[in-house]
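Consider the single chain below, provided in structure tokens and representing the form predicted alone.
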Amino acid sequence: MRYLTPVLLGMALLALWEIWVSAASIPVFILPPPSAIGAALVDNFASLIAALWVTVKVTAAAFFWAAVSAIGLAIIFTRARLIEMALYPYVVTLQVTPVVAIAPLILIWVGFDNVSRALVIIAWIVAFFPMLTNTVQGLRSIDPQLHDLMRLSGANWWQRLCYLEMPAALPSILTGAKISGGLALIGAVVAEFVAGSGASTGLAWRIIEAGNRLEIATMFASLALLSALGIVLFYLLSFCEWLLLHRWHESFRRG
């Protein structure tokens, strides 16, 4: 029932959508029925899948670099308080500044001949902060007595990091990863919207292109693929979380 109930609800909503659009005689260019969206997905399947692959590559690259840079900077923050005090306000400033406002600057600095690199940078900005804050919180939430035990055992800072801090912070890191994964996709879509030059061939550009042509069914098909990508990404990261934590962490053992 955990999996069947949402499927049945979704099918019922789609059926209600189909009946309501037909009964109300709503034009296709205003709100297409699910059948028209499915037909648009089939007709444009090759081009939409190619655009989906571009968005997947940008999202994956942005998420990878967000994870690597955030974990690395979090380790530095927890070991050098002065560096954290110096850099943290700028990290917060980068996070609270609307990415739509700085995206055109990034495109100009990187160059329109390197649009893919600019898209990754913009998506990285969106995904970076949650990963950093969750990792810092996890590294600082370790029982001080465990640190004392490691010191009494003669462990150096590298051994404490590998055998105590990173394993203990892993639940927080994975929680941040699930948040950042979705934000990386959102950042990739926003970046493609802002790029708006045709050089970006991801799903967001396909949405813009279809909207300019009033191909609303194709817009909905692209949106459905984006939603499916977000769902797959979330459950993939959730599976990684289960794989790494279910044998020992209390949140899974109690379940």
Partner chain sequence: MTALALNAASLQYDNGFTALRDITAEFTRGSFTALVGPSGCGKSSLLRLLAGLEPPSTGSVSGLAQSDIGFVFQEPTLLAWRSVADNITLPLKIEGHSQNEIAARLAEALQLVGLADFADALPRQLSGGMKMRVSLARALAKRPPVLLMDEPFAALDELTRFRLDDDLRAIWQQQNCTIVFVTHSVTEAAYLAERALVMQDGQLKSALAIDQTGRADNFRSAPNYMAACAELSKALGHEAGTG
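In this text the structure is predicted, and so the values were computed from the model without any measurement. Numbering follows the first chain given and starts at 1.
Note that the form predicted in complex with the partner chain isn't included here; everything after this is about it.
Of the heavy atoms in residue 154, some are within 4.5 Å of the partner chain in the predicted complex. Interface residue remark: residue 95 is not counted as part of the site for the partner chain in the predicted complex, having no heavy atom within 4.5 Å. Not displayed here, the partner chain is kept clear of residue 137 by more than 4.5 Å at the level of heavy atoms in the predicted complex. Remark: residue 148 counts among the residues lining the partner chain in the predicted complex, judged by a heavy atom distance of 4.5 Å or less. For a residue to qualify, one of its non-hydrogen atoms must sit within 4.5 Å of the partner chain in the predicted complex; all three of 164, 167 and 248 qualify.
Looking at 95 to 103, 123 to 131, 167 to 175, 69 to 77, the stretch with residues near the partner chain in the predicted complex, meaning non-hydrogen atoms within 4.5 angstroms, turns out to be 167 to 175.
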